[in-house]
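Consider the single chain below, provided in structure tokens and representing the form predicted on its own.
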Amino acid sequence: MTEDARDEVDLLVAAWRAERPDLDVEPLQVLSRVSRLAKHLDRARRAAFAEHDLEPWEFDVLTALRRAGKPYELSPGALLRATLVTSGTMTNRIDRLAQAGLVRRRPDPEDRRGVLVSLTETGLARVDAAFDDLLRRERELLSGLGPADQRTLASLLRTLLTPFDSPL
């Protein structure tokens, strides 16, 4: 990118500087770009999920199961923690995914009162295909940066986000 390249944020910042020279609008240089990028990312994600007949919430649950590794199953409580939704919401989501044939419930052999939720073969194939498509679209979003710049940006964003994320 050349030094004289301008984007919408440059225009926004220039307008605020002209209208409110008394304010330091420098944070807009970063955070307005992050906000705009988040909107583009949301569109890319929704398109990837829709291409595979998934809603974002379905993708969240299916990927939580997929990341768990074989046999791709978790308790509803573990799914709650992975997706940050309420118990009632998770029950509804599991019901809908089971009706769609993407997950199944089975009794937990270690807890007679508990159940485990696992990916079906259809669910596994669908989430893998959607994830492949998502990564392709995300690579396109980052294509203006080389690998070293992507690593630098990831590191800088991690520094910004760490105080807001819960401890791991």
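All values derive from a computational prediction rather than experimental measurement. For every residue, the number given is its place in the sequence shown, counted from 1.
There is also a form predicted in complex with a further copy of the same chain; it is not shown, and the following applies to it.
Report task. Could you tell me which of 49-57, 113-121, 128-136, 96-104 sits within 4.5 Å of a further copy of the same chain in the predicted complex, going by non-hydrogen atoms? Result -> So the stretch in question is 128-136.
Query raised in the report: Taking heavy atoms only, is Pro109 within 4.5 angstroms of a further copy of the same chain in the predicted complex?
Result: No, Pro109 is distant from the partner.
Query raised in the report: Heavy atom within 4.5 Å of a further copy of the same chain in the predicted complex: which residues of 15-43 qualify?
Result: Sequence-ordered list: Ala15, Trp16, Glu19, Arg20, Leu23, Asp24, Val25, Pro27, Leu28, Gln29, Val30, Leu31, Arg33, Val34, Ser35, Arg36, Leu37, Ala38, Lys39, His40, Leu41, Arg43.
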